[in-house]
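To begin, one chain is listed below as structure tokens, in the form predicted alone.
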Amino acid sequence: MNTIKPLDHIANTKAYVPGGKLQGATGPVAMLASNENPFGPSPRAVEAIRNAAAEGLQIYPDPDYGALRAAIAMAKGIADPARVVTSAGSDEIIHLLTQCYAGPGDEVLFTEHAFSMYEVSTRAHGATAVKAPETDMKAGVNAILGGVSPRTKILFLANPNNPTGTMLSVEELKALQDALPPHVLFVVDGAYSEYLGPEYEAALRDLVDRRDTTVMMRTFSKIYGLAAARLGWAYMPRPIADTFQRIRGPFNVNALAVAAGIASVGDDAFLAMSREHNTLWRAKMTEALNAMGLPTPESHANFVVPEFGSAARAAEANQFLKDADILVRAIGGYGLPTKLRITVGSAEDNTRVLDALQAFTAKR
């Protein structure tokens, strides 16, 4: 009999559950579950992928990823590309930072309704997950600081947060940063920061420069429309970047993703178009959902989170939308069973989901 067993902390780790696909659809599906860009990637990225494939996939990519790191640094106003690291999606950054700095006996802190990969990675490395309470789905500086202990090694904070869409102001981030003890690595997850514009992006970059215990991580999966390419990056103090580079895989980012990232990171026109569309439709959807009697707070990301009053009604609405070939995200796994997360999609898909929910609420 096979007696090979995983380590206890691995056996007790629950897998991340992605948005998935809609089975049994009878027509075009409105994919509004995974916060993808409805425009897809920049045309420059598509062309770059074609060119990279034509040049040959038998050659390993540059293990230093110098061209990609330089392109990111230039586009984001970073003076030292050596402080930029690249990854196979931002999930890999979460895992590698946890592997570097937290293990059995240590604590990793995040907020009550935080991105679930923080907890997956914490448990997978044998550390203890600590959750700071939120108020009205929003993190608070005092609540977070109340969760810090001598055993806290990492604080992960998504800003804006997924799946709530709420965020701390830049001044609140600075106050939190200043109050954290020096033994805590402060990791700010800016996956949705491009939806707030260059000024906020620059503020996150400057946050890293204020303290040598702060990391900013980012992704190409959201506004850049490269979710399938699995590409992420982070800006770090030099010693932390050196530690990260020591343990990452030598070819952790594939050549097609590299080419797409270089081409898209500087396409300001595409980013502006995507951001403007999101800002317009996020406001329209929030207003329409509130008018239907589905309370929907302000979101700062590319999704909205309406309230259905009970878990049963949220589940019924979710099934009603599936029956209409519309896929949104149930977020009971995040402790929010009475809500659904709805991505801001194309104008057509946004209209479809609003019309369907209008019919659902009228039916009820």
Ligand SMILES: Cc1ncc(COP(=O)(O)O)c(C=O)c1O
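Numbering starts at 1 and runs along the sequence shown. All values reported here derive from a predicted model rather than from experimental measurement.
One more form of this protein exists, namely the form predicted in complex with the ligand; it is left out here, but the text below deals with it.
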Next on the checklist: Can you work out which of Thr166, Thr214, Ser264, Ser90 has a heavy atom no more than 4.5 Å from the ligand in the predicted bound form?
Outcome noted: Ser90
Checklist entry - Can you pick the one in Ser274, Thr111, Ser221, Ser121 that has a heavy atom within 4.5 Å of the ligand in the predicted bound form? => result Ser221
Next on the checklist: Whether Arg230 contacts the ligand in the predicted bound form should be assessed with a 4.5 Å heavy atom distance threshold; does it?
Outcome noted: yes
Item to check | Partner contact for Phe156 in the predicted bound form: the ligand, 4.5 angstroms, heavy atom | outcome: no
Item to check | Partner proximity in the predicted bound form: Phe115 to the ligand, non-hydrogen atom cutoff 4.5 Å | outcome: yes
Item to check | 4.5 Å heavy atom contact, Ala257 and the ligand in the predicted bound form | outcome: no
Item to check | Residue stretch of 221 to 229, 122 to 130, 239 to 247, 140 to 148 approaching the ligand in the predicted bound form, non-hydrogen atom distance within 4.5 Å | outcome: 221 to 229
Checklist entry - In sequence order, which positions of 179 to 196 have a non-hydrogen atom within 4.5 Å of the ligand in the predicted bound form? => result Asp189, Ala191, Tyr192
